[in-house]
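So this first bit is one chain, no partners, the form predicted on its own, shown in structure tokens.
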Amino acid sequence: MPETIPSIILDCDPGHDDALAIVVAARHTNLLGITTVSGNAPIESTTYNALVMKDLLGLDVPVHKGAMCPLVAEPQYATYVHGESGLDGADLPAPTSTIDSENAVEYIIDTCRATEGIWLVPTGPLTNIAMALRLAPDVGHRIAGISLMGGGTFGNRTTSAEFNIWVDPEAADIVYKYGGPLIMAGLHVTHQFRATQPRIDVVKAMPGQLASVLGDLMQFFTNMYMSRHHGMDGGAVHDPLAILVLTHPHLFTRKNAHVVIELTGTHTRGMTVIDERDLREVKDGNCDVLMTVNAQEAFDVMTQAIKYFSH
């Protein structure tokens, strides 16, 4: 366990797994704020969903609306996984909270300048983070690091590209080159962290509105995953791992490697190219690539976080 509780800004595009990441962040980090980005659904939907989760958890944190489209590419959405709303599958209470601003990038810059040592935790496309680093290069020296969900040794949106990186590879390129501590929770580790039916049933058996909503969301997500994959016994709950590696690092193994983003390949645009060669000329690592997770213990941590907030 870390000696101190990490202070984080969670940059997300809720999303079923982002919703669960918000719960883990609320329980185990000093969650300074939530910023939203277009990704799993359009920006209006992801921002609405962030406010839903804020209210369900009773959080007193600001929510700042961010980028509505990638830096260069046309926007793309993952409605084929998360549904049209981004959080299909549950009866969501309408939020009573409202956003604090429509300028997430400015919020990120100002907060990181005011308080050094913050972790940025992006669990969607990296547009907001890249814009902050580009507009305020000093931010890269003020933060503790960036822990992101994205990439991997294989793809899901294409053969070689994971969705978050594929949506905005130009933004990812900026982030992977920023020069400070970088942790990557890619598909090869997040696919080990699955919402199997027994794990979902534990959440569904808990009392309270939050557990009821999240149980239904997890069921929808897992059913969708199993309908689209051969041989998966549950939906891969990607995003909480980017937080859990900061709060429960003992649950992971990692490998430091040099990782670059492919921007132009016909079949490989958005690929995280991880250099695992055992050669002296290989460049020094710029990224801690998570390799394995103790899935059951990590799921227990997440489940207990749900229980803590569910009344």
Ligand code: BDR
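All values reported here derive from a predicted model rather than from experimental measurement. Position 1 is the first residue in the sequence shown; the rest follow in order.
There is another form of the same protein, the form predicted in complex with the ligand; it is not shown, and what comes next is about it.
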Where does the ligand sit in the model of the complex: which of 196-204, 234-242, 88-96, 176-184, heavy atoms within 4.5 Å? 234-242
Are I34, A67 and T127 jointly within 4.5 Å of the ligand in the model of the complex, each by at least one heavy atom? no
Heavy atom of C112 within 4.5 Å of the ligand in the model of the complex: no
May I ask you to check whether N156 falls inside a 4.5 Å heavy atom distance of the ligand in the model of the complex? yes
Does the ligand come within 4.5 Å of any heavy atom of M149 in the model of the complex? yes
A78 within 4.5 Å of the ligand in the model of the complex, heavy atoms: yes
Within 145-167, which residues come within 4.5 Å of the ligand in the model of the complex, counting heavy atoms only? M149, N156, E162, F163, N164
